[in-house]
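The chain that follows stands alone, in the form predicted on its own, written as structure tokens.
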Amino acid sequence: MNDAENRKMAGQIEVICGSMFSGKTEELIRRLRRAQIARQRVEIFKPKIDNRYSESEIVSHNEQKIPSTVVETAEQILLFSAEADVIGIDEAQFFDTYLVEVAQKLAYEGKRVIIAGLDTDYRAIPFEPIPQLLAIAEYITKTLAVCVKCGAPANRTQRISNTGDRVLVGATDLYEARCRNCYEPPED
């Protein structure tokens, strides 16, 4: 294999992370649409638990959308992406840490893997598997929202309901974007 063939086979992992309402899904959709315009074979995945706006599409909070395949496990992504050049994965925090191995396998197969997800939970604690994905990614984009209290750049997700479950799927009905100063850690 010559150098040109080696370069063509090189895959990569891109991670888009940040708080809720920071534009992660918008950025994911933008990159995937550009890949489609370039006539690359694109496969897009979302976890079954995320049915807030659509059962079969990735949808941003500002209603941008793109068709996706719903999967229950990260392993299923391997099954459905054999022919793809570019793989998009939204809401990565809803997958287990096996997503890290899946992303590695796909990148070693020469695929571009673009993953979006929350980097911290509502307690401001790193949200698995994003920290591990950040460690192996070639490209990292950290998105910031706007604090609903003061207008500063926001990197925290404030839960405004009283439930203590770590995973609680919701939008503006349950969460707000807050800056470090306006964020109020939960008491649980």
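Because the structure is a prediction, the values reported are computed rather than measured. Numbers follow the displayed sequence, beginning with 1.
The same protein also exists as the form predicted together with a small molecule; that form is not shown, yet it is the one meant from here on.
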| item | value |
| --- | --- |
| Three-residue site Gln12, Val100 and Ile140 fully in contact with the small molecule in the predicted bound form at 4.5 Å by heavy atom | no |
| Touches the small molecule in the predicted bound form: Val148 (any heavy atom, 4.5 Å) | yes |
| 4.5 Å heavy atom contact, Ser60 to the small molecule in the predicted bound form | yes |
| Proximity of Cys179 to the small molecule in the predicted bound form, heavy atoms at 4.5 Å | no |
| Glu26: touches the small molecule in the predicted bound form, heavy atom cutoff 4.5 angstroms | yes |
